[in-house]
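Quick heads-up: it's one chain on its own, the form predicted on its own, in structure tokens.
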Amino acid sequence: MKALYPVVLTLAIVISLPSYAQQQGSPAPSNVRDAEYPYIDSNRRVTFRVQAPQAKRVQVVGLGSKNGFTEQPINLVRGENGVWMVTTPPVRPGFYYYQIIIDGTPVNDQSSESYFGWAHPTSGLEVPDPAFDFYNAKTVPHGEVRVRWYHSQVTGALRQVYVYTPPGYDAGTNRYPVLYLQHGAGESERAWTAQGKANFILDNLIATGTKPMIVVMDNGYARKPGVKLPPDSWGNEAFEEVLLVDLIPLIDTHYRTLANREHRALAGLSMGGGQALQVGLNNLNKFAWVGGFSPFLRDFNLKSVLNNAANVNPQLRLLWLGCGYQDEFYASNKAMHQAFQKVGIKHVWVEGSGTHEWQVWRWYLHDFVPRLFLGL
């Protein structure tokens, strides 16, 4: 199946010196309140402005492989009163992590909101897409994103989970199916709402007929106390146990859920996608709907699943797998798709233009969610 998201173009790192006479445009929606810069003009060129009167060199750089913004630092030009500026070539729509580098020291842009990515708070740039608005806040009934703290029996530590409840949740008595939705490496439980706009995607889909659901977004990192981990550990070894022992019982106790496997889904992106496939497919007594969005597959073992296709198919309502052509994980995902095909495991395979980035994962969530809990 071909993905519906638009063709992704690679940004050439060729910077023209700007005149700073802005074309019609607007400040980036990711700016802090009342900040004019970064400014996005009508051609999606982005102007950055940094005040650093003592600096000898100021640069801006995007974070991430094939990030679509720039992988190499761009030099800003010093103007009057120590104000540094630069305008980039057109940037494709989407969300980008970036940093300002002042005399070799990376710092966050004080004009932009900070997002937790790359294992630390970092600046984010949102470039709107004039052709697509499925993740924008529209005039539709809105759900709520609730933050809940809980003590984990598995890790012995206090943890935080984000819970989306659909429009009308508090006013009614209905019970709802649940989607457990995981973030990628270096991110946190905030990611799917702050970077991914998952709450607005759900609001808009529910307003057009998608089945209402609760969405649970926990931190994918978890380790047991006193356990010595190998040097290359990601610190996520105990996540499966946290999900099964702590989180599902917590959600089923404190929210009006339909507490059975038929009404429970698990999905995620990158690291969280690998976790979703590993945990979901090896615990089909808990989950009937599983999705991997550009999943990182290296550290996850699905051999037992591939060797038991006859038992997997009758239990799975949906197995969804997708990855973009330009994504660094495309080859491993295509191989997994082919492995599922070879043993006869039924699944949806989505491929198309796209790198390892939030704009693609927004599209994947938008495609995945309407397929959930159908026929129940």
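Computed from a prediction, not measured in an experiment: that's the story for all the values here. Each residue number is its position in the shown sequence, starting from 1.
Beyond the structure shown, there is the form predicted in complex with a further copy of the same chain, which is absent from this document and is the topic of what follows.
Residues with any non-hydrogen atom within 4.5 angstroms of a further copy of the same chain in the model of the complex fall in just one of 303-311, 47-55, 347-355, 327-335: 47-55. This chain lacks the partner; the member of T210, T257, T155, N199 within 4.5 angstroms of a further copy of the same chain in the model of the complex by a non-hydrogen atom is N199. The listed set Y97, Y135, F296, Y221 contains one residue whose heavy atoms approach a further copy of the same chain in the model of the complex to within 4.5 Å, identified as Y221. At the 4.5 Å threshold, heavy atoms of L284 stay clear of a further copy of the same chain in the model of the complex, well away from it. a further copy of the same chain is not drawn, but in the model of the complex it has a heavy atom within 4.5 Å of G104. Among residues of the shown chain, V83 is not one whose heavy atoms approach a further copy of the same chain to within 4.5 Å in the model of the complex. Though the partner is left out of this view, V145 does reach within 4.5 Å of a further copy of the same chain in the model of the complex, counting heavy atoms only. The candidate site formed by V61, T70 and P90 is entirely out of contact with a further copy of the same chain in the model of the complex, as no residue has a non-hydrogen atom within 4.5 angstroms of it. Taking a further copy of the same chain as it sits in the model of the complex, the stretch 106-122 comes within 4.5 angstroms of it through a non-hydrogen atom at P106, V107, Q110, S112, E113, S114, F116, A119, H120, P121.
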